[in-house]
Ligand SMILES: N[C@@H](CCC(=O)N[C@@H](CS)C(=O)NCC(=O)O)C(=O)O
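Take a look at this one chain, the form predicted alone, written out in structure tokens.
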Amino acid sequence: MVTPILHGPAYSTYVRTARLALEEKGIDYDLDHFDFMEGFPEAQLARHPFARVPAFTHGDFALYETVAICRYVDEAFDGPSLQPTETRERARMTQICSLLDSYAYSPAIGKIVIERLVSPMLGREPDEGIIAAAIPAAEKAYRVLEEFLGDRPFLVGMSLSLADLHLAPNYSYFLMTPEGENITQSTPKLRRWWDSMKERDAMVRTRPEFAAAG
């Protein structure tokens, strides 16, 4: 069987989401790691015209966009299903992934995590104005996710789905910031979800070096 290749840095939240899907399915794959902070390789720009990660190749089939990659991984390979069979639960899974992309990623990761964690790594002081302005949107996104979770063990139904894999890498980094720690204190059901989620073998195997929390 042709080994699939995931192209992107191990520290990327979206790359980790795709890796989690591959790991949960029990699929052998190769990670083509590169540091996009030093620029995008020409080969990656050819795979992804919008200069993002990850990209995915499986033989002569090429794909980009994380949700599309994860759905392909779930549907093209044997292993435990990562998508609900019930129509409404499947729609909810897609809704949560879209919510994370559209409303949670930018304030929580693109602003708070970047300013609080990445800027100091690059020798810059965090922009406190950007962080402060992002907090309300991040709070709202996590409150909505808390409502979706309810008292169930996973975001959609009683089984792990792509929605959980979409959230977990973002949640891991967000908790590494004081703002994230403070915001998530008000969403105890998500904290319970995280306490279980972070111990999964796939989460441990894909943990970035500097993300000791999960």
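Numbering starts at 1 and follows the sequence shown. No experiment lies behind these values; they were computed from the predicted model shown.
Separately, the form predicted together with the ligand exists; it is not shown, and the next lines address it.
Q: Taking a heavy atom within 4.5 Å as contact, would all three of 99, 171 and 194 count as contacting the ligand in the predicted complex?
A: So, no: the whole triplet misses the ligand.
Q: Residue 158 versus the ligand, in the predicted complex: is there a non-hydrogen atom within 4.5 Å?
A: So residue 158 does not count as contacting the ligand.
Q: Quick one: is residue 46 in contact with the ligand in the predicted complex, heavy atoms, 4.5 Å cut-off?
A: Answer no; every heavy atom of residue 46 is more than 4.5 Å from the ligand in the predicted complex.
Q: Check whether residue 12 has any heavy atom within 4.5 Å of a heavy atom of the ligand in the predicted complex, and answer yes or no.
A: Contact with the ligand, yes.
Q: Quick one: is residue 65 in contact with the ligand in the predicted complex, heavy atoms, 4.5 Å cut-off?
A: Answer yes; at least one heavy atom of residue 65 falls within 4.5 Å of the ligand in the predicted complex.
Q: Just one of 25 to 33, 182 to 190, 65 to 73, 145 to 153 has heavy atoms within 4.5 Å of the ligand in the predicted complex; which?
A: Within 4.5 Å of the partner lies stretch 65 to 73.
Q: Going through 40 to 64, which residues have a heavy atom within 4.5 Å of the ligand in the predicted complex? Please give them in sequence order.
A: Contacting residues: 40, 51, 52, 53, 54.
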